[in-house]
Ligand SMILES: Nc1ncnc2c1ncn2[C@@H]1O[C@H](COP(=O)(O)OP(=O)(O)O)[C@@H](O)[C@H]1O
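Only one chain comes next, encoded as structure tokens, the form predicted alone.
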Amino acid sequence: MLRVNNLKAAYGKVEALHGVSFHVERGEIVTLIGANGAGKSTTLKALMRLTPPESPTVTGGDIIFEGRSILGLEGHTVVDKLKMTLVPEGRHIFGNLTVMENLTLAAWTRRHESSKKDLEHIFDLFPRLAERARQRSDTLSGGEQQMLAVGRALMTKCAVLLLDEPSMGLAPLIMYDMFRTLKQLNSEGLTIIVVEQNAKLALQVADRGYVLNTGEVVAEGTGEDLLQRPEIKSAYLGG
């Protein structure tokens, strides 16, 4: 479904990706793990074709989506036509809008297509959002804001969901609930690419994983395989 070939990207004159390659099959959960500064978030931003300075400039390689290069596309086209959506690090919800307004605003790409069933599905996934539908989003807890960020992405009717550090700042119970929800969405057919500092949790739910280090892929394998490798345990899983 998605293939990244020798991708190089830079912020100004500083190269952040030095030739990253990986692929994602339809219906998979693929995780990118690595230390801070490894290039994980940069890779997601490049995939979404965001414009600088928010996103790096691609200086080499290619991103192939369903057999077609997407380097010439703009971010809104990636969401609208390719149905690939990013839940950014830090959530970036619209705090001055209510939960319902955030969700309905995200359906703008749907135009005249009804979003009622999708709203119902999101409220089934996250009952807390249904309880707070009329509440201003900046008054939600961190966990509730993350639920809203995921729900907002799902309102685009995406086929590929990209998540950047979905567990950041969450209490352990909320974090595990979030990843159980991601597994449920995947079982419903959603393809997921997740960048996550909690490498153990990410690898436990992922079909496959890639380890990034200073802008390069240094290891890859199934989630189970990477969990068992001594060098991965030592560097990323706490021994």
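Keep in mind it's a predicted model, so treat the numbers as computed, not measured. Counting begins at 1, following the sequence as shown.
One more form of this protein exists, namely the form predicted together with the ligand; it is left out here, but the text below deals with it.
Interface residue among P172, G189, G67, P53, judged by heavy atoms within 4.5 Å of the ligand in the predicted complex: P53. Residue-level contacts in the predicted complex: of V205, A35, L185, V58, one residue has a heavy atom within 4.5 Å of the ligand, and it is A35. Residue contact with the ligand in the predicted complex: N198 places no heavy atom within 4.5 Å of it. Contact check for A16: a non-hydrogen atom falls within 4.5 Å of the ligand in the predicted complex. Taking non-hydrogen atoms only, G39 approaches the ligand to within 4.5 angstroms in the predicted complex. Residues with any non-hydrogen atom within 4.5 angstroms of the ligand in the predicted complex fall in just one of 173 to 181, 41 to 49, 22 to 30, 59 to 67: 41 to 49.
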